[in-house]
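Given next, in structure tokens, is a single chain: the form predicted on its own.
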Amino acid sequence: MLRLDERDAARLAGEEGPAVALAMRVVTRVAEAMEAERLLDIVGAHIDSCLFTGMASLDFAGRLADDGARVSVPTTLNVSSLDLLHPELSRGDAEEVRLSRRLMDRFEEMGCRPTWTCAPYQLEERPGFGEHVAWAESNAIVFANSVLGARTHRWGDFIDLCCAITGRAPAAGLHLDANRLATTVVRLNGVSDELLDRDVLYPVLGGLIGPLVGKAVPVIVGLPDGVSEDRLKALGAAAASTGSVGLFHVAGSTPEAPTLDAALGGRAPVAEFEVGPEDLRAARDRLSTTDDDRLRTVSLGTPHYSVGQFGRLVEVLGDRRIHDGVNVYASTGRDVLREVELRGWADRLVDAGVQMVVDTCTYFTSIIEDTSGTSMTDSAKWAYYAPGNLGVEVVFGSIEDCVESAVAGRVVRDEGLWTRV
């Protein structure tokens, strides 16, 4: 049974105003549904419902803002429906643009930080190990839990905002020690050293793990020690998109898994899966919907590209230019874009034909100029969502594949990488 402290009970009764009372009602109802016994303090929040998907999101944010709601913890904002720095990219109708901007304004009125990124963990300030937050957006959730060792459940639209206003979250789900232990082992076997050292392995592995484990907490064995944040980001984003993974462990890389036994908490796993080269090749192939090599679009940065990923893009592109018949989009957050500009990379990429995109995501909003031909991406998340959202045909490939294809004007992929042992 949920027990409220004196202040929570007073807020629920309306003593701190109607906005806080509404937020407390939502938080306590969710806590009761999850059979939480108490609420806990959070140190931050990340709000997912910034994309305008209909009037419900605007009405809810508007009611809270009109009643004087203010977030009580540092709160970042997920991608919106608009790129405010490049408004000319919007292909939506004028009324949708107006409502999208109104929704963004309402969140800012409540004291949220206008970050407009799906990768708040790439900001300078981010939660520390063991700190509780209320993050929404699937890739942000899985990164916070897995890579940072912070604690958040898979909070969704509206709940995240209510947690931000109250500074409280249900003590349930992935906030609790017992629910963070791995229950499933995913063991890589026979994968070449070359593939293990390539960025492209990680989104493919995540795309395989998502439907394999569902909501379970997996621990992955067989990857090199000290896997980079960008690779873990790609793995988690794919696993969260294709499944319901909110936390994964990588033995020897993630903070709660110095060893396999530590990740399992000394318990025997409920299930074990072995993943070999053929499984990975099949998982890669499932991320493509066509073999048509007539390329029209390349989309990079889902989740938003980091500074390191832009550095790799610049390195692979070199002094070449994008083919005239191909549109290339690279999405990122404003903070990362500023650093990329300071390094001189942004001008180099734009001159070569790369369109920089901020504040939003190209698999959802009406930005892509030509959806009639084949689209290519190095993101398993983009490959998973874009066909349904945009009606495009997709080919998945590595960043090297994407750049070579964009320069050549047709799909080019290194097939040998997936067959060499």
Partner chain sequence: MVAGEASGEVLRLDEPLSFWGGLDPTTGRIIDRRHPQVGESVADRVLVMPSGKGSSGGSSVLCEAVRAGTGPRAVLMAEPDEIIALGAVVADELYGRLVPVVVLAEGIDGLHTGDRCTVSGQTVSAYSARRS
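If you're wondering where the values come from, they're calculated on a predicted model, not measured in any experiment. Positions refer to the first chain, counted from 1.
Keep in mind that the form predicted in complex with its partner chain is missing from the display, and what follows is about it.
- For the three residues 116, 198 and 345, a heavy atom within 4.5 Å of its partner chain turns up in the predicted complex in no case.
- In plain terms, the part of the chain that comes close to its partner chain in the predicted complex, with a heavy atom within 4.5 Å, is 283-291 out of 267-275, 311-319, 283-291, 224-232.
- In the predicted complex, no heavy atom of residue 37 sits within 4.5 Å of its partner chain.
- The closest non-hydrogen atom of residue 410 lies beyond 4.5 Å of its partner chain in the predicted complex.
- Within this chain, residue 156 lines the site of its partner chain in the predicted complex, having a heavy atom no more than 4.5 Å away.
- Although the partner is absent from this view, residue 45 stays clear of its partner chain in the predicted complex, with no non-hydrogen atom inside 4.5 angstroms.
- Shown without its partner, this chain lists 82, 136, 208, 300 as candidates; in the predicted complex, only 136 has a non-hydrogen atom within 4.5 angstroms of its partner chain.
- The single contact residue among 69, 392, 358, 354, judged by any heavy atom lying within 4.5 Å of its partner chain in the predicted complex, is 392.
- Taking a 4.5 Å heavy atom cutoff to its partner chain in the predicted complex, the contacting residues in 17-41 are 22, 25, 26, 29, 30, 33, 34.
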